[in-house]
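First, one chain by itself in structure tokens, the form predicted alone.
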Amino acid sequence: MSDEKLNITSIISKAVNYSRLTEEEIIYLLNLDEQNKIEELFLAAREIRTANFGQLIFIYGFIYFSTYCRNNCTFCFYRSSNTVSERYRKSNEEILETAEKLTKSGVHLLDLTMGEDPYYFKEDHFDDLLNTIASIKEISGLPMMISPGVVPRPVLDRFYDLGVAWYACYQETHNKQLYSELRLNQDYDERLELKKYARNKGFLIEEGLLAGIGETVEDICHSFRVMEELAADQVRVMSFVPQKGTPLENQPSIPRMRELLMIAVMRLLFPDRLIPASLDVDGLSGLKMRLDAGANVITSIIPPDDGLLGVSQSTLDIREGGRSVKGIIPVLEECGLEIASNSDYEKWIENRKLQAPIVK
């Protein structure tokens, strides 16, 4: 079917009525370039978000507690061979102090993130982290997400036993050739299978894509299918930002419209899932456009004075307080949105876990 025979209004009508979109229809939406049609898509995404979540937005605090990594991903500022990236490994005390600040600021979840730090991947060295997680749970009482890379399954089991709710471990792309060019010498299937293991263990799963690293719209469609098969509870996309000291340092970041269209289409395809608007790409200035595209989670809230870094934009808006709960409130008000209560978020988690299928 040609684009001339596809009609955005009829496609959106299908989505609003929870009818499955075809690959052809998804590609049509991802290729939109007329502003009136793009606005129609974004409006539909917001309406679907409202139907499922009202005006409530969830907020995630971000603790990047180690920037050491054994991997050498071509897109990442913290790749093992990069000599210009800042390295740190926060102490248990520093992590707990930050967790307490974020809890008091009003976030709904604490996202504990690291590179595949060689220190922790030595035998028994995860014990320190496990003890820290137990302490965080005690002082905060908040749900936690763990983003530690590909850890041994027994370690993942122990995270779960400590009450960690979410496991995040992005593929970035589900085109295996492109994946091999991004995540050098890392097994695609091992990474994906660990997410399936975590899902069947009882974790909620976040899957993430990187936009602007050579993917086609067909690749994006394939990724959406994999997300569906994985039964991912939170699906996200972040625009590629070139990083100093990496092989992709001189590759330009594509226009943000690719990311925004992907957010909107994900809202149509996954109406009841969580879709983040990350502060880590464009800071506070990029928040409204992501919310307008249908996102319902704000991620990468970072306290201004704790010496923490971001992933994509390592320092953007952090020191100025733009990536704080207080900093985002004016944007939420402009969008007619409001911060959910902690009980709203915990109820969503409980309900989602009850719906979670076994994946193969």
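Residues carry their position along the shown sequence, with the first being 1. Bear in mind that the values here come from a model prediction, so they are computed numbers and not experimental data.
Keep in mind that the form predicted together with a small molecule is not shown, yet the notes after this line are about it.
Not one of His108, Asn296 and Glu346 is positioned with any heavy atom within 4.5 Å of the small molecule in the model of the complex. Between the options Thr132, Ser85, Asn175, Ser147, the residue in contact with the small molecule in the model of the complex by a heavy atom within 4.5 angstroms is Ser147.
Tyr170 is the sole member of Tyr170, Tyr179, Phe270, Phe126 with a non-hydrogen atom lying within 4.5 angstroms of the small molecule in the model of the complex.
Here the chain stands alone, but in the model of the complex its contact with the small molecule, taken as any heavy atom within 4.5 Å, falls in 296-304 among 296-304, 31-39, 44-52, 327-335. Using a 4.5 angstroms threshold between heavy atoms, Ile27 stays clear of the small molecule in the model of the complex. The small molecule is not drawn, but in the model of the complex it has a heavy atom within 4.5 Å of Val311.
For Ala165, no non-hydrogen atom is located within 4.5 Å of the small molecule in the model of the complex, even though that partner is not displayed.
Contact check for Leu284: every heavy atom lies farther than 4.5 Å from the small molecule in the model of the complex.
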